[in-house]
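What follows is a single chain, given as structure tokens, in the form predicted on its own.
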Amino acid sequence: MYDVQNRIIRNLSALEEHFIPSRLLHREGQLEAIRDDLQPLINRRDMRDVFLYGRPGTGKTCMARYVVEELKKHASVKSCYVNCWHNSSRFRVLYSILERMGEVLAIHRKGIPTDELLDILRSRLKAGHCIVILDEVDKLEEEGILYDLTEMERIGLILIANNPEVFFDIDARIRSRLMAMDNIEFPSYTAIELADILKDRAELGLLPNAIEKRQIEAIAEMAGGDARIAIDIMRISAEDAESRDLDRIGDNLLAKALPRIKEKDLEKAVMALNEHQRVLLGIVKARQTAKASDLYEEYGKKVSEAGIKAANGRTLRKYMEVLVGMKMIGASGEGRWREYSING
């Protein structure tokens, strides 16, 4: 039954980023592959670890959560989702996993050693298998957590990142443990595919006639293959129309939504950077362009002046590639000839 006070929105949660729909369109191949990898868990055997990669907004996270929830209807297995952007240290990843396994009271003590968390996790795993989804895995500050998890029995990993080469520069011991993973690509959606996805979300989240087919198609074109942006445009436009007591979403509201989304995304991304990434970004902004060698030299001076312990070269390269992946900066060249610049 509809909310009589609403003219536009039927169910706002259906228009939000973390909503898991009852079906996932245009990802049949990826769905089947992940199901096959997780299938052994139904018979209480180890699953095959999985790596999902592709540009933002291609359905990686939604797919991982969808398949795991479907599996749990048929298998006795626990699951934990950890966003490594917000939980980047070895301690925070372990804490998050145990928290989602119901160990909050047991581990909520300041200064608990990480090795003790590992022991608690091993103990919990004696009861059965657990699937750990590590989203934004390229944001990990301490990659050793991947070694910790891969050496444990009864843990299955679903790793998610934008960059397919995220493990290229990782410690050789960890890389060898991840070689058997199933690597599954998520290409960008076409405008036609995005329109199909938006139509589904509109039917779930909006009241009849709140949005027109041509507007859905226009949103799909605006989003550039990114389903998250497309859904956000529809949600923000719907909220604006609702707040103005309109009967339909106007074209002018759609036009205003995209710049707002991009501005908000940039603000959130900058706030989430660590102190080293902020220093590096500040140097590139000040110089406009900077060769890698000059950049790292100036970085060393700035962190020394600020009393911050400098990160090593491999970590700095990783930080820079994160900034490139977030489109905060551009990059050209390779190795010692790598050069960074401010986009636009």
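One rule holds for the numbers: they count along the sequence shown, beginning at 1. Nothing here was measured: the structure is a model prediction, and the numbers come from that model.
What comes next is about the form predicted together with a small molecule, which is not displayed.
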Pick the stretch from 248 to 256, 224 to 232, 140 to 148, 83 to 91 whose residues have a heavy atom within 4.5 Å of the small molecule in the predicted complex.
224 to 232
Residue-level question: is Cys62 within 4.5 Å of the small molecule in the predicted complex, judged on heavy atoms?
yes
With a 4.5 Å heavy atom cut-off, would you call Leu117 a contact of the small molecule in the predicted complex?
no
Taking the small molecule as it sits in the predicted complex, is Leu71 in contact with it (heavy atom to heavy atom, 4.5 Å or less)?
no
Since only the chain is shown here, I'm wondering whether Gln30 would be in contact with the small molecule in the predicted complex (any heavy atom pair within 4.5 Å).
no
Checked Arg48, Arg55, Arg278, Arg314 for heavy atoms within 4.5 Å of the small molecule in the predicted complex; positive is Arg55
